[in-house]
Structure formats: C-alpha cells, structure tokens
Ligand SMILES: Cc1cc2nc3c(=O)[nH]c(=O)nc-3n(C[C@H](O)[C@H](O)[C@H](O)COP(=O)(O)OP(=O)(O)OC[C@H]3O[C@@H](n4cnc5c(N)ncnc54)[C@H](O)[C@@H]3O)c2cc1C
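First, one chain by itself in structure tokens, the form predicted alone.
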C-alpha cells in the first residue's frame, strides 16, 4: 500500500498527501449522525490534471475514490464508506471569471459560498448569486451537485437549474465539458446542446466536477427581510400562493420551531424583498403586506412583524444549540407546497416522540412549484443515546417523506435504498447502465446509490 502513497505524492506533492492516522481521522466523519469510516489516504490536488491522475491511479490499483468539497452535507455523502483515496478539493478555489454583462461566474470546484459572496461584494457589487443558508465554508459546486437551493430559489429555482456549464473528470480519468464551453466558446449557457445531465444528484458516483459556470443576478441596493406570522398551519399554503403571485419576493420561507417557547405552534414567514430605491421598496411592501396578506391581518388570523434591512440567511444550524454537545442533522425533501400542514404536524410528532425540540422549515422553490421542507433533529455529540434517537428520527422522516408523496433531498444511504426501491424499473435499469458505462471499475464513492 505504500506504493499508492508514493504515487499520490508524485502526483500532488508530499505536503498535500497523508496516510497519517490522526489526519485520516479528521476525514472519517461529517457533522451528522453517519457512522465514521476512515479513508486510507487523503490527497488535496490543485489542478484538474492532478485529479485525472489520481482517478487513473485508483483504477489501476482498484481502490475507491471519494470527492470532498466542504464536507457539510450532513448526510454522510462524502464519508468514505469503503475506504480508499479521499480527494479533498478545497485547494481548487480560484474564481476564474466573472462576466458582468452575461451575468455568470466560472469557478473551480473548491470555491466556497463565503468566498464568492465576498468576492462579488468587493469587485462586482451589482451582482449576487443564490446563496444557501449553509455555513460559509460550504462549496458552491457541492451545493449544486446535491440540487441545493439558495435565497433566490423563489424566482429562479434550484441552484442546479442555474448552471451554465461543467468540467468533469470521469471515473475513468477523461475530462469532459458540458454546455457552451464544450464547443470552445465562453461559459455563458448550458443550452441548447443535447442534455447529458449525468452528475447532479449522483453523490459523486459518476465523476468529479472540477469547474462550473453559474448564473449571477442583479444585486439591488436595498435587501431586507419582512416577517409575518399565523397560528393555523392550514393557512400556510394559500399564504405562500398569494405572496408568490405578487412576484415581488426574492425568498419565501415558512417555519415553526419549539424554541424559543413563545413561538411554539406558530407558523412564521420570512420574505426577502429587494429594491433599488425607497419608492420601489414601498411599492413591493404594499403589494405583499397590504394587498396579498391584508385580509389575514384584518381578520385577526395573521400579524405583520416588521421589515429588517439586511439579509439574515436561514440558520438551521442554530438548532445544534438545542442539545448540549452541539450536533444536528436534518432530512430535506422536495414537496408540493400544499403538504406543508401535514409535514409540520407529522414532523412535530416525530420530534416529540424522540424528546427533541422540533424545527421544521419550508423554502419556496420556483414561484411555488415546490418547496424544500426540512425536519431538523438536534443531538449531543458526546451522548450516544441522543445520537441514536436522532438517527431513528431521521430514518422515520425518510419514510414519512415518501409516504407523503415527496422526494428525499440529498438522501443518505438509508434514504437512497428507500428511493431505489421505488424507482420505475426502466429508470433504474438506465441508471444502472449509466453507472456501468461511466464507472466500469466501480471506484467512485462506493456505497452510495449501491444496488441500482
């Protein structure tokens, strides 16, 4: 096995390859409840060519390769379930291009959300991207790969819908480009070439994305958050419908949580509004709070809690403070918005059955075409019993998602197996053939989507 280590050093360099147990330990787990699994090696390449050489080495030696971005999926997607070479991509962190006229950015795969946000604010303040409420070190590419959503999901959909092009190292080591960049022009569009969408949602089992182009959007001078609250969860779907019908909001989120106690049972809305002038802001606020939601206020069914300038991204991670030891994990799902009341009630039941303060959140996607609904469970990392409770609650919630007619978002291995069991036979057979063609050696992130 030392030969693999020496080969990795030859490809990258001795400073960015390790087989030392104390460093492998750091890469053996993520921040969720997944059981730790230690890689045999960690390599941190700087270039696409080095990624290619690592993948070719893995094929020759028949060892797994697991790509790692920020490592913040919480679902164990980058835990090396069968050991092998963990490829830490954080050194590939260059922002290669920002095109102001075409409103797109070309990034290496290790660029973080905070890095892009601060870069745009400093160099291109008229532009912004759809930023998820993830920790700042989460990578842009990682969020795209799991079909993540950001604070522009309401008008523009999933972050994976906002990709103009990709560069990918296939499991056999070849490099492919997709989108307009594939024919040697700029990275401005993913259309209208033949669709070969083989990489989003596959959990890194079909290749390693090394570069991507994402769309940027106008950053208005005033951005802020308005808050609204109702007691009856049955009102949430129609309120979302009324807000989105105005087409005046950037982001619409409904949530309910047990902490703080005075909020127990209430349904809160945060509505992000952006404007270039006070006049525009006043116009948009009037349409939303007066015209769309005024009837709930006058009937006493809802209350407007005010508008705060500046964005506060959803911080689900704050629920990690609910239990001593600071751990949390959530099940995300893509759901029809009309399912919100049942998602809330059933999720709250699961939390209370496992003695976990409940937190549920629904983010509107694509003008109300769906929502990402999340059930969050806190645990104490130092207490195996609370981790067991959280793990059971997560599995029950995976089952609930499918029972309610939703789709599990970024499923861990338990949710993947549930999903595989429901796949249309033709779809499953096609996915199996795709996997066999792209990854004949079966080296890419094995353990994920296993048994397709």
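Residue numbers count along the first chain shown, from 1. What you see is a predicted model; the values in this text were computed from it and never measured.
Just so you know, the form predicted together with the named molecule exists too; it's not on screen, but the next bit is about it.
Residue heavy atoms within 4.5 Å of the named molecule in the model of the complex occur in exactly one stretch of 61-69, 39-47, 420-428, 398-406, and that stretch is 61-69. For a residue to qualify, one of its non-hydrogen atoms must sit within 4.5 Å of the named molecule in the model of the complex; all three of 133, 207 and 445 qualify.
Using a 4.5 Å cutoff between non-hydrogen atoms, residue 73 counts as a contact of the named molecule in the model of the complex. For the chain shown alone, residue 213 is not a contact residue for the named molecule in the model of the complex, no non-hydrogen atom being within 4.5 angstroms. For residue 257, no non-hydrogen atom is located within 4.5 Å of the named molecule in the model of the complex, even though that partner is not displayed. In the model of the complex, residue 269 stays away from the named molecule, with no heavy atom inside 4.5 Å. Residue 143 is the only one of 143, 154, 359, 128 with a heavy atom lying within 4.5 Å of the named molecule in the model of the complex.
Of the listed positions (331, 166, 371, 77), a single one reaches within 4.5 angstroms of the named molecule by any non-hydrogen atom in the model of the complex, namely 77. Of all the residues from 34-61, none has a non-hydrogen atom no more than 4.5 Å from the named molecule in the model of the complex.
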